[in-house]
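Presented as structure tokens, the chain that follows is alone, the form predicted on its own.
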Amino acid sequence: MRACLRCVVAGPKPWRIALRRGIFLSIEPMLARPIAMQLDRSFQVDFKHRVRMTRDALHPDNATLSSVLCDSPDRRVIAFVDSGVHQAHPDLGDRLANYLGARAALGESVPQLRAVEIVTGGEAAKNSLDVCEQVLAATDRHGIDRKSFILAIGGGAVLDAVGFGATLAHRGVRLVRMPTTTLAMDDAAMGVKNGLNQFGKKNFVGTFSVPWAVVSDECFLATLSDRHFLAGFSEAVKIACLKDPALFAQIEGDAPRIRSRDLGAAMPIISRSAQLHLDHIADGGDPFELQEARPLDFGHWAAHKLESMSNYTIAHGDAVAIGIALDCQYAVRAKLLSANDQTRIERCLKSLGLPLHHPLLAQTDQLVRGLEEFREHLGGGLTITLLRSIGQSVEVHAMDRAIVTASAQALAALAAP
């Protein structure tokens, strides 16, 4: 080896490399030779996004859940249950075991339930790797293969955290989401994203992965607090403002019934919101966000920043409501949106019991940094979705800092005692 190195460094022709047995290979022709092969291929992968909405999903006579789990008697399933859901439904694990046993007795090829594990609930589920690592360890311990199932039962944060672990194990175990909150049912569970919060930034760590199925059971809504029940309707208002003026009018008219937790009024709106979110993912042309626009994130750049600024004490649904109010204030000042539409939107949010302001909005320097964080998350170029009218959106690629500041200060003043 030393002789070869000396030959290369000290030889009369350093572009010749001495090889064993006196064979010489000139690299000069190699440097001049054009690229011999260049392969570029575009391809598509077909996914099926199965969404089911039902009532009393674990009743033995209800085939909704078993229909998406049926595959082979050799499959296995682990359920990960949000700690808050477990507290409200302590018999949930037993009910799930009894359900699968009853469906198997009917001759269905349901998977074997190997374990029911309780995981941290709420936004805390996304603030560390603990839930993800719990999923990975259980997947290994119970021999869950790629075509077996992980069943995530909980709010949007738990679906995100458990889903993140499921996408890492074996490069992807089949994930079935069972959302238990309004926000998870009408928005979060429909997405093809999983994520954790890191470095003080919302969803900094994450993956794209289409769930095997989503099964929403409206019975879970009965045990939510009023705050968590109502917070999810900010996402319904958001999607209605972007895509469906008739839905917005329906929410306006039914807001008092929704606020009183009348499921006869609430469930059609939750279902329509879920459908609109799913339609955008399936038909919008960019489910994995390869482009820079995120049209469904109206109100979200500020919402994400407010959540992190509050150390996640502001619930996501509440933060989205405030973010919508802020972006509407901005759009009116930028002469994009009419004051009449702004008033309708703010009145609708208020009628639902959702907040329009928070004292943290006064910290405008820190808030505006959320725009840069959002730009990084998008992939380099800033694209913010604003409204021209209810049902018509517009994308802008810059936000006037002075107008953002004035809008935030106007809302912050409303929060002053």
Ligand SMILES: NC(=O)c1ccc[n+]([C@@H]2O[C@H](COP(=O)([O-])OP(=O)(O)OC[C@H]3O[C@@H](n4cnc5c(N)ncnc54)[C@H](O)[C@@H]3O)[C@@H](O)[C@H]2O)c1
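In this text, residue numbers run from 1 along the sequence as written. Keep in mind that what you see is a predicted model, and the values were worked out from it rather than measured.
Only in words, not in the display: the form predicted in complex with this ligand, which the text now covers.
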One stretch from 322-330, 216-224, 130-138, 101-109 that, in the predicted bound form, holds residues within 4.5 Å of this ligand by heavy atom: 216-224
All of Asp187, His228 and His316 with a heavy atom within 4.5 Å of this ligand in the predicted bound form: yes
is_contact(Arg75, this ligand) in the predicted bound form, heavy atom dist at most 4.5 Å: no
Heavy atom of Ala240 within 4.5 Å of this ligand in the predicted bound form: no
4.5 Å heavy atom contact, Gly84 and this ligand in the predicted bound form: yes
4.5 Å heavy atom contact, Lys305 to this ligand in the predicted bound form: no
Heavy atom within 4.5 Å of this ligand in the predicted bound form - residue from Ala152, Ala236, Ala166, Ala157: Ala157
Among the candidates Ala249, Ala97, Val205, Ala88, the residue which, in the predicted bound form, approaches this ligand to within 4.5 Å (heavy atoms): Ala88
Stretch 254-270: residues contacting this ligand in the predicted bound form, 4.5 Å heavy atom cut-off: none
